[in-house]
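Here you'll find one protein chain in two forms, each presented separately as structure tokens under the names structure 1 and structure 2.
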Structure 1
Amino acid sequence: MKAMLLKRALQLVTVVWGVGTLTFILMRSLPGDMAYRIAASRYGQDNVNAQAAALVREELNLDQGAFAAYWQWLVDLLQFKLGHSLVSGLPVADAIQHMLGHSVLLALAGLLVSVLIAVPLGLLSAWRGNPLDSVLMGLSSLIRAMPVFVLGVLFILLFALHWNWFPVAGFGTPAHLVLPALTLALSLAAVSNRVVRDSAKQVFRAAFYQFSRVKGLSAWQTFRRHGARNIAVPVVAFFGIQLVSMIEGIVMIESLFSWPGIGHGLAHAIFARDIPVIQGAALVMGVLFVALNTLVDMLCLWIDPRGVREA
């Protein structure tokens, strides 16, 4: 375990430096004049012109060499300074805290609900087999084939318009979280219930599982002693991957529900060439991903200690 944590700490430093450097290079190599892009985001489409771009260029010293800018970023990073947004002038740390906080909340809520849907359905599907398995397979495929945006609109139509239970969009109260989290959960559960089902089916068919029944354990006892842990390892690893990809990949949901998450914020920062925000967000997300992976690995090790040697 100690060796694993040490390895991960090293990985963290590499990720922070690598992600920041790569973001810097990518942003600098994008076409278009940065000053114009920043001016458009600062002052709005009606108010961007050469004068605004010149003002931005002068104020932000955009004519300084790329190497000097990179060096400055590295020095600031070593002092844990993330800088200020080029567009709003507000501290990057505050913006990220606001956006990432909302994304993590939404992602965790979505994941939790998806677990509550996917685990029982996946187990039931593996245990009962057809026709339930085929029905769930069909449903999962249908939901996966549907853009998450459509699913969100359907939920809004049903829960916000028809029954008027939850707000259509916005944030600030627990009720605002329900529909985006449910949309996310259902689209995640459509895949993860299949992973649970495959894992469970593999375990149910395994010789050790069959043997435990033969030696006289009840179905429940067999599941508890020999099934649960074995099924859980690949499932927990998969949920971990889902959580990681979700934090960055829920742009559509955030946009539809006016949810101020990092996916949406990052997309806008890229359009605006707001490099400190992009670097800061990429950095924090990199750290978060390493932390989450470590957490998932630790969880998997705890569930199945046989993996200790490989880790």
Structure 2
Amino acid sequence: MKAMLLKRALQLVTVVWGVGTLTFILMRSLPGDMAYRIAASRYGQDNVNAQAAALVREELNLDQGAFAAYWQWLVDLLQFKLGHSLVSGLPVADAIQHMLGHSVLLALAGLLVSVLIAVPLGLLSAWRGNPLDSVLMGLSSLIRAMPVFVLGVLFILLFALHWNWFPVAGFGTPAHLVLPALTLALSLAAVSNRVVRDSAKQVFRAAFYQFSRVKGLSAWQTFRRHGARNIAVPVVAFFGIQLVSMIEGIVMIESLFSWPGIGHGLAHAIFARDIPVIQGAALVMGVLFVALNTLVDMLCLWIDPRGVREA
């Protein structure tokens, strides 16, 4: 356990430095006048001229060399300072904290709905077999083949515009959360239910599982005592891998549904060339990814303690 935590701590340092550095290089490499972009975001596209861009360039010291700017960012990062937004002037930490709450809410809702969909359908598919298995796997493949934003657009057209059940976009009420969470959940469940199904099939066919039925245990007792934990280990481990898809999906879904999370804020910051906000959002996503993977590893060790003894 200690070795795993130390490994994750080193990975966290590497991810923070790598993500921040790569973000800095990519944003500095984009074509166009950074000062003009920032001025357009501050005052509006129609109110920007060369004089406004020059004032912004002077105010923010954008003529500073790239190496000096990178060194200053690195020193601030070591002091846990994320700086201030180049557009609004507000502390980046405050903006990230506000956006993070909305992103976590969407991620938790999507993950919960995904589990409620994937686990029962995966177990049912493994238990019943064909033709139900073929139908469910076909639907999963169809949904997985769709980009997440296409799935979101279909939900908007159907549930928001055609039936008028939910709002198209925005936030503020529980109804605003339904379509983004459902879009994220289905994109995740389309893959995770296959993992549940494959894991369950392997356990159901195992000799120890069949022998427990011979001993006289009921189907439910056999599943509860010998099936649930053995099925859960690869499924929980896969959820750690699926976090990459979740982060990618959140960025697209928040932009599509105007959900005020980190993904939505990151898209606006990239357009405005707001480098401190971009770096802050990317760093938070990287830290969350490492932290959640560490949590998944600990959960797998709790489910199957044999991993601790082998380590």
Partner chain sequence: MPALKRIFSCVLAVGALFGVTVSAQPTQSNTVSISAAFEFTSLDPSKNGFVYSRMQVLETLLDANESGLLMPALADRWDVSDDAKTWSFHLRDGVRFHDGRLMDADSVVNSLAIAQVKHGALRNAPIESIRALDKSTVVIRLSRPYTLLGAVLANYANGILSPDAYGKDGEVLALSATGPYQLYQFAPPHKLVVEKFEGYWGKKASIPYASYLTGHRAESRVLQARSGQVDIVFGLDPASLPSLKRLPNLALYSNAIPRTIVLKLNSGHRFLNDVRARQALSLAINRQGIAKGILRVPGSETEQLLPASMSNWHLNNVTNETEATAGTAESLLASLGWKKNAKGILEKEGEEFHLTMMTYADRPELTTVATAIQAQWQAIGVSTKVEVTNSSAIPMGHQDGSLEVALISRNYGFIADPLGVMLSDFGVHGGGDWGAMNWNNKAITADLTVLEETSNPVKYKATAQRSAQIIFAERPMIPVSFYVQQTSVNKRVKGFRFDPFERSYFLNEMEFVKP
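Just so we're on the same page, rigid core means the largest C-alpha set that superposes within 1.5 Å between forms. All residue numbers here follow the sequence of structure 1, with the first residue given the number 1. What you see is a predicted model; the values in this text were computed from it and never measured.
Between the two isolated copies of the chain, the form predicted alone corresponds to structure 2.
For residue 74, the Cα coordinates differ by under 2 angstroms between structure 1 and structure 2 after the core has been superposed. With the core superposed, residue 102 shows a C-alpha displacement below 2 Å between structure 1 and structure 2.
Residue displacement note: residue 83 has its CA displaced by under 2 Å between structure 1 and structure 2 (rigid core superposed). Shown is the Cα shift of residue 173 between structure 1 and structure 2 after rigid core superposition, which amounts to 3.3 Å.
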